[in-house]
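For reference, the chain that follows is the form predicted alone, supplied as structure tokens.
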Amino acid sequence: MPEKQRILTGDTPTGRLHLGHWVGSLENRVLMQDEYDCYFILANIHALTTRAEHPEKIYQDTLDIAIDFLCTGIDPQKSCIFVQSDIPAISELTFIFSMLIPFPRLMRNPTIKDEIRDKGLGDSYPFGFLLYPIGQVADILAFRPALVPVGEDQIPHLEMTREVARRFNQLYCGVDPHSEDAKHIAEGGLFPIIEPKLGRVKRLVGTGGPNEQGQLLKMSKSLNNSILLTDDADSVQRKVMAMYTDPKRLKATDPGSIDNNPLWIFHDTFNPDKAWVTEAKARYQAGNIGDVECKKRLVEVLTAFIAPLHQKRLDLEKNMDYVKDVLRKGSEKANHTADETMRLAKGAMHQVF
């Protein structure tokens, strides 16, 4: 195991990243680079589960997310950014791990059910869609990390990863089934029982209104309610000024509710001037300040954060050779680590001839 504790996390390339990704996981990744041995995966194979007919779009989305990583402060001199399809050991481990999870357990994964419903897949999803949670287990365990920085919606996948690691360690490494998770490595287990590292905001809401049940939807590109990390200033302003607020507040002098109100959720999350936020909330509730004024302030806050990232994107898009070189070098390092894991796994399973 490395001297530094290792982390592994990443994203499926379905388009550029947004503010929800930042507070959910990306912020933690950037902050953890000096203290941890960091691996960040671009899971392009997983994108095929719902877009197999658009490989060229997946290719471009993979590059876009790589650019987002670099824009937000992930440093390739400190961290390993790599492409999933360049790591053969992940596919091999996916096959092995699929033998350790019963099919009924896979179908109890709430994330699977949610995605089938939210994406309107019905019964038309490919077998690979059901396989991808096992692929996520392999993505993680191929690098034997201690921590996985994720958003709250990924917790069910991490629990499956913990189950597979325990099962492998018990079945092939002789770890006692009653051993505490923290003792698996000391007792001869190959895979750490990983722990999640949640962001400071578990699930950032989108800019749009609630669903039919009155629940605010999380930020998502597919729901068209997201603010991208590298949006230009005009896009930020347009999206914020159209943001859903309190539907019962018909004019600026009406008292407004701050509960379940995206405008104030965003101010709480991104506005560093906490004194202004506290004062403005009180004025809003008393009907002494309007939505427009509060939205304009939020535009200023978000533009100050996003504008430098937008400029970095413009610069990197002019230097794609550099971006691709980062990915090639990252995949070389990732293969070294994953191949070592595969060698140790085969040894534990007595499959080295």
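Please read these numbers as outputs of a predicted model, since none were measured by experiment. In this text, the rigid core denotes the largest set of C-alpha atoms whose superposition between the two forms falls within 1.5 Å. All residue numbers are counted from 1 along the displayed sequence.
Beyond what is shown, the protein has a form predicted in complex with adenosine-5'-triphosphate (ATP); the following relates to that form.
adenosine-5'-triphosphate (ATP) is not drawn, but in the predicted complex it has a heavy atom within 4.5 Å of residue 153. Taking non-hydrogen atoms only, residue 166 never approaches adenosine-5'-triphosphate (ATP) to within 4.5 angstroms in the predicted complex. Using a 4.5 angstroms limit between non-hydrogen atoms, residue 220 touches adenosine-5'-triphosphate (ATP) in the predicted complex. Among heavy atoms of residue 105, none comes within 4.5 Å of adenosine-5'-triphosphate (ATP) in the predicted complex. Look at 180-188, 113-121, 252-260, 270-278: in the predicted complex, residues with non-hydrogen atoms within 4.5 angstroms of adenosine-5'-triphosphate (ATP) sit in 113-121. Residues of 320-348 include none with a non-hydrogen atom no more than 4.5 angstroms from adenosine-5'-triphosphate (ATP) in the predicted complex. When the rigid core is held fixed, the Cα atom of residue 75 travels less than 2 angstroms between this form and the one not shown. Residue displacement note: residue 119 has its CA displaced by at least 2 Å between this form and the one not shown (rigid core superposed).
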